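Just one chain is shown here, as structure tokens, and it is the form predicted alone.
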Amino acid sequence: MNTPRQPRETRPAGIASQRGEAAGLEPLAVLPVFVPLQGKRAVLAGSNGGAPWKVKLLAAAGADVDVYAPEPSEELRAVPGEIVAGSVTLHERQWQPSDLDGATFCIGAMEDEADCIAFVAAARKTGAIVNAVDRPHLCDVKFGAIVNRSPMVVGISTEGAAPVFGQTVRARIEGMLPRGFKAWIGAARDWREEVTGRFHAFSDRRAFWERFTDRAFAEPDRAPTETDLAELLGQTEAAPKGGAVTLVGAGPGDAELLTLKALRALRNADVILYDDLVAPEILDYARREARTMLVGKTGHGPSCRQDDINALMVQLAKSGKQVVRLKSGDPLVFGRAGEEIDACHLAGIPVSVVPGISAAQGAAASLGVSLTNRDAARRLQFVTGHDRRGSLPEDLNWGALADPSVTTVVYMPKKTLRVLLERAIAEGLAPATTALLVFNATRRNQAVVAGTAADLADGVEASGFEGPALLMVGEALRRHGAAGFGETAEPDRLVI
């Protein structure tokens, strides 16, 4: 019998806890900031190998750059003729402290360490932002890899640990962001004032920009027009107002198995109510302002009451919030989604469902087995391993479980595993039928115990594995048993 989970802080309707106002904000090695330099003065002194690129960056940001180098390289001499924004003036002499007056950004590009230290000290006295090429210990700020879709600019830093890795990430992001986005981002800048004037509520403005973003991704190479603006404004004004609930399947654990629709729901949520079984990294995809609340639903342990979850969900939606009820796997497969949908309907709250990759699908894919192998399975069935009291359900169809042409997937099987398999064998299931128990399906710590219906329970008890588990039984799984573990009489254990 489950004991109601006690709240760890005051929470309406006995709900457990709040993970944090901003999900996934873990420690940062550096703070990413963006510095406007349009019309500002910048100074670079020296002419080492990194100097030309730094000058180009400063000028590309709109700065008026003074370069002081008594013996400039050919590359540095060529820079002023390549500039398309800002300006560059080359002074073929040593820098002087007075040269730094009025500078917003100063860069030391000297070969000699002592010269660079002197420059940095002088620049700091003026209050300028300071960088020293190839000398991170002297820098106030550092340059990372850049993806330029200005006015969208993506900066990537590895804090100097892996510059080649950072460059590779930059190249991949380059491929993901079409160059046509420049036009869309320019339109966003031009339209922002009108959108803000039309929609006073933050939720309406966010809805407009979500539609804008969806259209940009759908047609990235087409320049947006005033017709787009009119259509997006009209769609936003016509959209239903007020709070709503979305039941979202988080999948079995691997964050990359989230659907695009699930990502969009997380991005739009004001509040996310999530279960213990939801992998922590899933919440990293939530909108950073979203409130995240643990409403832990775990088998055979302290849990929030379903009625309390329903009440909180409805209360939040009635207050105008966009609520995401985030569930492991698929919410419609042993997720008690029906009760939550009914609660919303009774309260007059709009509710929708975003399906997720089920635990069964995830486990089968990670093991590389077909649940419906045409030579071994004519039917696939999902079964729960316990009833409302946590015991083995008395009304299971044992004839169906014993059918040799079926692949059976049992959810929440750990507590009743031994008695379930013993009863199935007694009802006609062949003792030698291949059986697997998959822990933490699709996650990094996924583990599998493989055996037969007769000996799997012993293997599971000996394994010591923990975490959410799924039982899979049937001859369609035999290929995995043979290829992955060998034909042995004893159950084998494997961490995948």
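From 1 onward, residues are counted along the sequence shown. Source: prediction; values computed, not measured.
Missing here is the form predicted together with S-adenosyl-L-homocysteine (SAH); even so, the following discussion is about that form.
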None of Trp209, Trp398, Phe199, Phe334 but one has a heavy atom within 4.5 Å of S-adenosyl-L-homocysteine (SAH) in the predicted complex; the exception is Phe334
Could you check which residue among Leu277, Val314, Ala364, Ala145 gets a heavy atom within 4.5 Å of S-adenosyl-L-homocysteine (SAH) in the predicted complex?
-> Leu277
Does the 4.5 Å heavy atom contact test between Ile107 and S-adenosyl-L-homocysteine (SAH) in the predicted complex come out positive?
-> no
Taking the shortest heavy atom distance, is Arg41 within 4.5 Å of S-adenosyl-L-homocysteine (SAH) in the predicted complex?
-> no
Mark Pro413 yes when one of its heavy atoms lies within 4.5 Å of a heavy atom of S-adenosyl-L-homocysteine (SAH) in the predicted complex, and no otherwise.
-> yes
Please check if Ile309 has a heavy atom lying within 4.5 Å of any heavy atom of S-adenosyl-L-homocysteine (SAH) in the predicted complex.
-> no
Quick one: which of 45 to 53, 437 to 445, 450 to 458, 423 to 431 gets within 4.5 Å of S-adenosyl-L-homocysteine (SAH) in the predicted complex, going by heavy atoms?
-> 437 to 445
Can you name the residues of 321 to 335 that have a heavy atom within 4.5 Å of S-adenosyl-L-homocysteine (SAH) in the predicted complex?
-> Ser328, Gly329, Asp330, Val333, Phe334
